[in-house]
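Below sits a lone chain in structure tokens, taken as the form predicted on its own.
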Amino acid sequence: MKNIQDIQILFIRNLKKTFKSPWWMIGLAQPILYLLLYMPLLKNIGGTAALSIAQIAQIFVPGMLVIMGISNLFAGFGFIPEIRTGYIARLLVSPVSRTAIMASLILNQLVSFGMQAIVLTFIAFILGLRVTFLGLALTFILILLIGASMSALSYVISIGTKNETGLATIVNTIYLPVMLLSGILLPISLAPDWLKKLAHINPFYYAVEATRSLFLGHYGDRVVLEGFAVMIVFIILFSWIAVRSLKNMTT
């Protein structure tokens, strides 16, 4: 019970801090820019006949939702100043549990990310996207798992580096190959064989394929189960490491 109260108090504090920043509104506009500026480039994808905007959205939006989840790798850029100013150190010597500290940080990230995902999906519906409620609900659960696990990983890296330069170097090294080998912006089926083989060892490939299957209403596909299984393992593993990292900050 105390943990829940601690999470609530810290979460509200973090949320107020986020909403006081003028930059969070700009973050909400990013999904719109992707839809309006990138989707038209896919009109003749793979040399096929021109696709409709609705067909393009069916391919592009699921991958875009996953890439937004992966982008939570950058969450640590807001966390490092909290370490530098001593705020985290003061929390660590208080009765607040490390689990509550980390959970409140991750939940704060999920609120911002969730709002972006809702905006993206709403605009996509206006452009002609059609997906069942169940498919959309399961997709949102999956991408929230991705966002939470990537936030936790980002906090682990932040605790280890304690500076933005180190965080940026590590995150960008992870982010680019993960994005390119996931089939996020384009289906991996269009890639040469050697890239297809590399993609199959990328865990986020399965998340992207899972979201596309869910958008098509194929809820029982094996790739859907694989996508959820990978992300559940990730959230458990990275959250545990993040809490352990916080505990080690006091030693």
Partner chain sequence: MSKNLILQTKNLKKTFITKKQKSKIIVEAVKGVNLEVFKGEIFGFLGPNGAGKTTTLNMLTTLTQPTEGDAKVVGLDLLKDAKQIRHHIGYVSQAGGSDVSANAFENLVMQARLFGVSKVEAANRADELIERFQMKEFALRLASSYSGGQKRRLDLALGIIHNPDIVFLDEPTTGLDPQSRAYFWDEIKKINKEGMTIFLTTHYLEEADQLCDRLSIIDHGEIVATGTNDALKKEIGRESIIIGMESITDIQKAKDLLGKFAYVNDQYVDNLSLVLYLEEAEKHLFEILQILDKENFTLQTIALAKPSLDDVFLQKTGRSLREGKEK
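Computed from a predicted model, the values in this text were never measured in an experiment. Residue numbers count along the first chain shown, from 1.
What comes next is about the form predicted together with the partner chain, which is not displayed.
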Partner-contacting position among Ala89, Ile123, Ala168, Val111 - heavy atom within 4.5 Å of the partner chain in the predicted bound form: Ala89
Position in contact with the partner chain when the complex is considered in the predicted bound form, options Ile141, Val93, Leu176, Leu134, heavy atoms within 4.5 Å: Val93
Exercise: Arg244 in contact with the partner chain in the predicted bound form, heavy atom 4.5 Å: no
4.5 Å heavy atom contact, Arg130 and the partner chain in the predicted bound form: no
Close approach of Lys162 to the partner chain in the predicted bound form, 4.5 Å, heavy atom: no
Touches the partner chain in the predicted bound form: Thr85 (any heavy atom, 4.5 Å): yes
In the predicted bound form, segment of 144 to 152, 113 to 121, 77 to 85, 168 to 176 with a heavy atom within 4.5 Å of the partner chain: 77 to 85
In the predicted bound form, residues of 97 to 112 near the partner chain [heavy atom within 4.5 Å]: Arg98
